[in-house]
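Heads up, the chain shows up twice below as structure tokens, two forms, tagged structure 1 and structure 2.
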Structure 1
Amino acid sequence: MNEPNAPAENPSDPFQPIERATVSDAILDQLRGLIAGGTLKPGDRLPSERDLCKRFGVGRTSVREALKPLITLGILEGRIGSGTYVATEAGQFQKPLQWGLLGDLQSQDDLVETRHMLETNAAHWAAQRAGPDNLAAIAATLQGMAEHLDEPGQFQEFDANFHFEIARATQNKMLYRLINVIRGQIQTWIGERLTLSPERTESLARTSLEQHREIFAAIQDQDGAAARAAMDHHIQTATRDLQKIAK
């Protein structure tokens, strides 16, 4: 029987009555609040299931039901034999974005466009704000790229880290998080296309390395306009090359 004043369920109505909050909902809200407030930080390990039950004063079923959606959304990570951890900042945004892109080929073009908007501006602000530690970190990724020109997997990892470090050098945490998210998608896209033309992989890597060096030189010179232009050239060239391979 429905509660007084509670609307009756209507199968044809997309909006249905809300059920009362459960114990697991309350646990979920508390955990989400601890993460959002910074009490639980990316990479932190949650207490054991038994310990959580004791702290919350609830049974294991309630704790497990609360953890499931947080893991599904990528906010928490379950590691076999190790426990449950707060996901990295990028990971907390990664899964929802993956779902949004799944099966949507048009979104790949949107992704490249978004990358262009974010990364050209990141290069500009990195040139304005990068400190000595930032410059050293970026230089280290260039060295790694140079040492792995004939190893696509390793090269792509250092390539991605180059862009991560530029984003970090902006001192803008939100921009860093956003670029972390889209770089994961871009890497997948690049990896798929490079497998279509392995004989050109090293040639593309050399071109990419030279363009990355130009970006870094502009950042070192604290020339924001030049850094933005160099990043623009790199992204435009890389996109055209990869599109040619895919044809």
Structure 2
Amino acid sequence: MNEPNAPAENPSDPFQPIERATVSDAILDQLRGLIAGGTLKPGDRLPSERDLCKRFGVGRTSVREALKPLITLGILEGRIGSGTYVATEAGQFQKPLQWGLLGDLQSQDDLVETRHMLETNAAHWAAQRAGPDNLAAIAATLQGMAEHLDEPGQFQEFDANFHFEIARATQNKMLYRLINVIRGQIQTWIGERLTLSPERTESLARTSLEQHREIFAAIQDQDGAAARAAMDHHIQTATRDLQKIAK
């Protein structure tokens, strides 16, 4: 027959040849492999799209459709006039998790409950595993909170970093990523609530700081149970306070 691109059949093995269904997915796989394998490191610049076309032997459409998902997921970053770059490691896992977890936004309760579970466990493990550098980082966020009791925006940022640093101190990267994402979502929720009653934010901040200090003390003492209890108390009251504001 007049096969245009007849695959070179290997006579010894009849079931060998599996042609990839779509070109762009094949490119996508290859790129993902290069990134996961470390050939392309964060910050690296990819060859230009037109260059990749020639190297892969495909059209620009296919190259772009392979790049687009990676860009959407935050693994790559396209800059007009400059090129396409591998994103920094920090941002690489943020978006895919957001996509995965935030499919339906109606379940605020699930979010709060899951966060509670993740953070109490994180406090527990952090107490057992935090190194001096972790403790220093957490202490720094406490300092930051203390200095910005009357600036909600700043305070909130240090607050969030406090929880991030605890997550990091668990030495469990997966847990860290999960908390990172969920916390990010919670954060927007907190922001909404606080703007509803700006006059009470400072008193809330003060009690919040106090609770954070208790958590830190427990972690410093390497007392896992106490850290978990303190975190539990903190999240429970904070959640309740914020929910009260809603009314």
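Here, rigid core means the biggest group of C-alpha atoms that superpose within 1.5 Å across both forms. Residue numbering: structure 1 sequence, from 1. Treat the numbers as computed from the prediction; the structure is a model and nothing was measured.
**Student:** Decide which single structure shows the form predicted on its own, answering 1 or 2.
**Tutor:** Answer 1, the form predicted on its own.
**Student:** Cα of residue 71 displaced 2 Å or more between structures 1 and 2, core superposed?
**Tutor:** Residue 71: C-alpha displaced by 2 Å or more between structures 1 and 2.
**Student:** Aligned on the rigid core, do the two forms place the Cα of residue 82 2 Å or more apart, comparing between structures 1 and 2?
**Tutor:** Result for residue 82: yes, a 2 Å-plus shift.
**Student:** Quick check on residue 61: with the core superposed, does its CA move 2 angstroms or more between structures 1 and 2?
**Tutor:** Comparing forms between structures 1 and 2, the residue 61 CA shifts at least 2 Å.
**Student:** Having superposed the rigid core, state how many Å the Cα of residue 47 shifts between structures 1 and 2.
**Tutor:** The shift comes out to 5.3 Å.
**Student:** Could you state, for a rigid core superposition, the Cα shift of residue 28 between structures 1 and 2 in Å?
**Tutor:** That residue's C-alpha sits 2.4 Å away in the other form.
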